[in-house]
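As structure tokens, one chain now follows by itself in the form predicted on its own.
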Amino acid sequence: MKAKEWTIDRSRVVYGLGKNDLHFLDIGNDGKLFIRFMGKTIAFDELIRKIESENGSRTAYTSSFTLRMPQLIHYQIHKLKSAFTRVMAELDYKGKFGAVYPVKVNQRKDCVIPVLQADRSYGLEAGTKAELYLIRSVLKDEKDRLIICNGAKDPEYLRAIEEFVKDGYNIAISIESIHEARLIVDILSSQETSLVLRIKPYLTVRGHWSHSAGRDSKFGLSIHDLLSVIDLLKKEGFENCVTTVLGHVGSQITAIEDFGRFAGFMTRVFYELRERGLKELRRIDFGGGLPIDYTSSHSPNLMERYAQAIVMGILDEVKNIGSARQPPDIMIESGRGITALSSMVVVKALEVRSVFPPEHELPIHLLEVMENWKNKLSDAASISELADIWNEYLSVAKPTTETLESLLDKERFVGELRAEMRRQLARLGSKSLRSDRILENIWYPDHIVIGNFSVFNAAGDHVLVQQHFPIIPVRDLHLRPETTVRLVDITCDSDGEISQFHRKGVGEVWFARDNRPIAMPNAEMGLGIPVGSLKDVQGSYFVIALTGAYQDVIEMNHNLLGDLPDVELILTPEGDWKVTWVSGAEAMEDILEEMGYFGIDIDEDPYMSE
């Protein structure tokens, strides 16, 4: 592929921009990354300059920061509600739709308040006593909003619920064990209690956290406990308190069709529970699971397909039952799908380190050896032959035991031979090319970018569960990428790296200028972030997108690297961008106090100063 054949549209494909859950990021004709919202745009380089010029002299200023866009929460809520409204109208579904936001996904006030502002009917879900108190504080003027209390419950939790109900709050309590059911009937009054039966869905779905479903799930009532709980509630006069049955099949379920099977299962349970005497049961809560398209590789209508799968799953089961019944109301507890878009981490590249020495003519005694290997590679007629030749080289190459100079020569030799191997792979590259261990080794990036951040604090799920986050350079996106790089943080930990890159499936191989693949015949995960111009990387920035779900609540202060500064970006009704410095980086003094070290008088942040 020649440089002149490269287009910005190809860059959009490579980085997944301007579509799906990265619809708000795009590329200008000058190759700069920009944000687009409601028809207005702002380039990241303009945003970064503004932040630095207005806040660069602050003690808590550091060059990297978390950018928050709460209006994207509004956008997602309206999109979700519209999807269900549209599907229910098209299928003539007679039940009602409702939703609650589980605050565990991101308890920050600048996430919770936008949820409430976006929709007057939206409720909140608490998983602990602390979250319930948080919710009470934000709903003190809107006590009619639904609050669902999930999570393990002790007598103190239940008495707090009782107190809040007496104060006018609209609370439904989930039952997840026979022990909880006994506590509830002992402590609470049947006249003022609304109950949710949380059950284990006895089916398997496909997704990152699908272990949340099935008999071995941590959550919900097993079938034997469910029947025992029903008997207890009926015996104690609480059967009419049950308004909802809840099931949760996991987070980030990208196999959308599995929600149809889940909906069918929950519908069967719903009607049988009513037949068993729970006559006030009127709602199925389908929990979370709505996925975010981190790889920009799914269909653009995930939300609508999700709504269709659930509604059609219910209707199909009602039809199978074979009688006219009032369909249940539908409740959704989407969290990731609501907040993931609302924040991104903007990372300054402090320096670029090279794995191999700069290009330099090899010593005479190695030139002939190199020529022989290059001839072998150029004569190869297939990718498998290239792999065999590379394995042959590895079998005869021996670690040097001589001088530093000889080690330098060896590294030059290996770097040049790897480059030749990539050239020949590109020559033979075909629509059937698939990566394997050998090829990934050849394509492994030669350059390491040191970013002024901590992966553990900014994107902890990448370390904990290998969650993929899209990473995009902010400049030179109009160019055919020169190479790929690894993005590492400033922690003293080898896991402090976030270099995964999703190579889009485009039916053929697209190579960077140094013959590393940046798109493949079929989509796959690779390593190495494409950059347009390597010389421009140092001092520039990368954006780690879609970090608004969970990352703030699982952050780790590894190496005593605390929170980055928070910057809020709002589009005003007048169409102007308002940039607000919300808070600076967490000071070393505060972090040290958390560890028990008091009296250390230093209020600087721990990140690099440049």
Ligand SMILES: Cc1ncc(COP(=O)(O)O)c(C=O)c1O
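No experiment lies behind these values; they were computed from the predicted model shown. Start at 1 and count along the sequence shown; that's the residue number.
Heads up, the form predicted in complex with the ligand isn't pictured, but that's what we're talking about next.
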Is residue 422 close enough to the ligand in the predicted complex to count, meaning some heavy atom within 4.5 Å?
no
Is it the case that residue 457, even though its partner is missing from this view, gets within 4.5 Å of the ligand in the predicted complex, heavy atoms only?
no
Just to confirm, residue 305 within 4.5 Å of the ligand in the predicted complex by heavy atoms?
no
Give a yes/no on whether residue 44 approaches the ligand to within 4.5 Å in the predicted complex, heavy atoms considered.
no
Tell me, which of 335, 526, 445, 328 has a heavy atom within 4.5 angstroms of the ligand in the predicted complex?
335
Of 313, 114, 201, 288, the only residue with a heavy atom within 4.5 Å of the ligand in the predicted complex is 288
If contact means a heavy atom within 4.5 Å, which one of 335-343, 227-235, 467-475, 500-508 is the stretch that engages the ligand in the predicted complex?
335-343
Counting only non-hydrogen atoms and a 4.5 Å cut-off, give the residues of 89-120 close to the ligand in the predicted complex.
102, 104, 105
